[in-house]
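A single chain comes next, written as structure tokens; it is the form predicted alone.
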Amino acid sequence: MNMCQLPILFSFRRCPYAMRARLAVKASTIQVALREVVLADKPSEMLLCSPKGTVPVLQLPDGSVVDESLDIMLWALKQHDPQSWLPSNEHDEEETFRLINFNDTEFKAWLDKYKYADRFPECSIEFYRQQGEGFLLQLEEKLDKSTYLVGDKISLADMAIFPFIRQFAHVDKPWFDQSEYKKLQDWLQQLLDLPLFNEVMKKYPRWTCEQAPLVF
């Protein structure tokens, strides 16, 4: 494809929302022009596409914009899903989106308070961690029944959620490593060890308008 016809993906390497978008795009084998941004100094080109100023942002060749990470995942996988991440039946679909919705709403709110507990002094860091543990326990119970969150193969649910569990684990890694969530620890490590994850976590220079297009 001609470079000017490639979709443009604005991303930030460490953002879990951007991680999961990159994972789905890379898994789909669809090429995009990657623009690595710095959130403290967001490029005007990104803000013109999506004034809310969060990553990821996908600008399609026709000018339309997708600026929600899950929507970017679905956009990519609905075009090409060679690893069969998308749910194949109504039950799996319902469970997939139930888990992702819980992750993106209730769990993410506690994760932010746990990670940035000094900004929320009304409660202790231990309190925020305990609130987040409700989701960890839910996932642990899922993984006690199957290898992955929705069955015995990697799916959209795993790839949409694990970047956030990774972030939670790294707030206090010694605590997480000695915690009771043994199935969850193994699951997380398996996903972190995937060549796909290592591929999407490569470091790229900050994008500038003078930079040659970077095909991702």
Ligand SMILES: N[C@@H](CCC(=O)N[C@@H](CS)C(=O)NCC(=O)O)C(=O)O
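Residue positions are given as counts along the sequence shown, with the first one as 1. Since this is a predicted model, take the numbers as computed values, not measurements.
Keep in mind that the form predicted together with the ligand is not shown, yet the notes after this line are about it.
Interface membership of L39, defined by any non-hydrogen atom within 4.5 Å of the ligand in the predicted complex, is confirmed.
C15 belongs to the set of residues with a heavy atom inside 4.5 Å of the ligand in the predicted complex. Although the partner is absent from this view, E68 contacts the ligand in the predicted complex, with a non-hydrogen atom inside 4.5 angstroms. Shown alone here, K52 lies within 4.5 Å of the ligand in the predicted complex, counting heavy atoms only. Of the stretches 181 to 189, 23 to 31, 148 to 156, 39 to 47, only 39 to 47 has residues with a heavy atom within 4.5 Å of the ligand in the predicted complex.
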